[in-house]
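One chain follows as structure tokens, the form predicted on its own.
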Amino acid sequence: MNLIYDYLDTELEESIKPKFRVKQIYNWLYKKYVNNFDEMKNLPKNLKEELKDKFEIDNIKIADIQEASDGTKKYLFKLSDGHTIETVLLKMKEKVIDKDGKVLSGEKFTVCISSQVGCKVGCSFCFTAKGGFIRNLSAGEIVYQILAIKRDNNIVENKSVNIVYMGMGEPLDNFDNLVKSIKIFTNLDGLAIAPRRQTISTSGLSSKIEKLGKLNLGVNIAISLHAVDDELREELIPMNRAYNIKSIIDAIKKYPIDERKRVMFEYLIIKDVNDDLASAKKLVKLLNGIKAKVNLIYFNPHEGSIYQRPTNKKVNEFQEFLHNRGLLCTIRESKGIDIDAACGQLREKELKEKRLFT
């Protein structure tokens, strides 16, 4: 039996008649966040029974939640087969209320979602790589992460969130389910999350970047670059042997970008590895001619890592060098630093506890 969140509305219309019932079902699933067919009040009883026979709706559970002092929440979800994935809710902006209690502006949220159980890429700095690759998530398992987060945090239906495919897994390695989840997220009868609010973060599968670009779905793309030459990048990201830096840059130059947007290049700064100004100089040259924005990320230390967090001085000097040469550059604020913040840590903790007691 398949998860109902795996289906586009057009697919459900093939078996559910009349078609207007599908719009009602989508409304209950994606706007009211119900996780029980019996709660769909305006559906006839026979249709509810049909849905129960055909689809699952509540086979993903919240196994654990960690909340940081800055409001960041990390969720561990248990899937129907017992495997676990992580999702992170980031509060990017607090609600602003005036002295009379009037809301001047609401909160802004970003949700970092997973696309695979584990990952094939094997980045040397990544905690997720430690557990290896298990399987791809279905489109519905990807979509459900947003639903569960909105429900658990009472985020109203018309309150949009930003989605970043930057959790466990390489999104473009799960291409078909990635594309389907984007379409489900975008559906106006569903969550209605605009493509411009969705960002695909990839380690650089250049052929899949081109393939995604040809679909012209309107989503943003972010490249996890982390190095400016192939030798270092192969050490950090072994997949670079198959998809080297040149192939990634060539693919990005063909990717359709909204004229108001830029291509994000994520650069994880690691102490004494890639934090020097010589690397900054090479980065400026590499991105010449691309409407780019560089996001500098402090390496987040975790158990067993051979790498260390860079100093604030080094990161600020790196940013200043890029700015002075006309390259837009930001430093990502570290969030959730007082919990198991590195992606994969909460899952590994749960697996370790399971091994101890079995």
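Residue numbers run from 1 along the displayed sequence. The structure presented is a predicted model; accordingly, all values stated were derived computationally and were not measured.
One more form of this protein exists, namely the form predicted in complex with a small molecule; it is left out here, but the text below deals with it.
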{"item": "Contact of N35 with the small molecule in the predicted complex (heavy atom, 4.5 Å)", "value": "no"}
{"item": "Heavy atom of Y144 within 4.5 Å of the small molecule in the predicted complex", "value": "no"}
{"item": "Contact of S224 with the small molecule in the predicted complex (heavy atom, 4.5 Å)", "value": "yes"}
{"item": "Distance check, L268 to the small molecule in the predicted complex, heavy atom within 4.5 Å", "value": "yes"}
{"item": "Contacting member of T72, S201, N244, N177, with respect to the small molecule in the predicted complex [4.5 Å, heavy atom]", "value": "S201"}
{"item": "Option touching the small molecule, based on a heavy atom within 4.5 Å in the predicted complex, out of F109, Y255, F133, F125", "value": "F125"}
{"item": "Among 296 to 304, 322 to 330, 42 to 50, 22 to 30, the region lying within 4.5 Å of the small molecule in the predicted complex by heavy atom distance", "value": "296 to 304"}
